[in-house]
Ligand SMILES: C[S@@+](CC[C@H](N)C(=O)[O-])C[C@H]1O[C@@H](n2cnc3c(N)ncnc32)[C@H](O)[C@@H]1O
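The chain below stands alone and is given in structure tokens; this is the form predicted on its own.
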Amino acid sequence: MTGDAIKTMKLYSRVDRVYAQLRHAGIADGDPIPPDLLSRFDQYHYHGTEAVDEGIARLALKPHHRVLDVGSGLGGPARFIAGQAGCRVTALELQADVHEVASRLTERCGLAHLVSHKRGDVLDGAVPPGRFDALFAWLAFLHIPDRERLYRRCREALRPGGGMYVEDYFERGPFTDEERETLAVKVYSRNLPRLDELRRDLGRAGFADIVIEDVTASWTEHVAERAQAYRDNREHEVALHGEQVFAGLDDFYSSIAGLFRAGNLGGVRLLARRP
């Protein structure tokens, strides 16, 4: 996967739009940013900081833990974990523009002493082995079709006894040809696993204590509400970001809601440990 190919997914186009959102909230360019205010704009996964709180609790994070966030986006979960649990977090992101914006946001939040941003690909050994007590991924694995290599790299990144918490998509399936095209282009997602494949592949990669939870019902409701709220707020969004950005995100949010509504796309929360 390359950092540019994923830009068919409009969520990752013009990520600098977060600066306009901050200005509208009264934060001038270059000013310090209160992390709790930024959390309104920097959580690209579902259920925002509530979901991150769940991950912190499930992995029982402590201040001495070292944490890896794979596909860290704008750094929202990484900053929240650092702020809530006091952990040192490495935020690994492949896309150059997303990485750059995330790094600047962390500095302006005063969290650069806890959150380290690194640009790289988890598949290519971008992180040293055996360094982390916990690994998180929020709607990131869905972009990576080579699951065997992905899970192996994640296990290698963890110390013995380290835990992994992931929220991602799975195929309840089977997908129609149209759904596969929508996933491939608008979500940059191919080769989603079924739940039985997910458990099997994690086991083969050397993970133990695997817990898989189907959260499809909650996510279906969430994405439907998100799509409707965004469309209802059209006038504000166009004024803030322009018609092109609004149209791209409106189509993206509506497409995701449609995929979940059709019933073949599912959401999963998984936990696993390196023995």
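Note that residue numbering begins at 1 and tracks the sequence as displayed. Everything numeric in this text was worked out from a predicted model, so none of it was measured.
This next part talks about the form predicted in complex with this ligand, which is not shown.
I144 is the sole member of M164, I81, I144, L105 with a non-hydrogen atom within 4.5 Å of this ligand in the predicted complex. For the options L183, V127, A85, L139, the residue carrying a heavy atom within 4.5 angstroms of this ligand in the predicted complex is L139. Every residue of the trio I6, H45 and G120 has some heavy atom no more than 4.5 Å from this ligand in the predicted complex. Shown alone, this chain has one stretch from 35 to 43, 242 to 250, 202 to 210, 217 to 225 that lies within 4.5 Å of this ligand in the predicted complex by heavy atoms: 35 to 43.
Proximity of L92 to this ligand in the predicted complex falls within the 4.5 Å heavy atom cutoff.
Although the partner is absent here, Y12 is a contact residue: one of its heavy atoms lies within 4.5 angstroms of this ligand in the predicted complex. Shown alone here, V101 lies farther than 4.5 Å from this ligand in the predicted complex, counting heavy atoms only. Scanning 64 to 87 for heavy atoms within 4.5 Å of this ligand in the predicted complex gives G71, S72, G73, P77 in sequence order.
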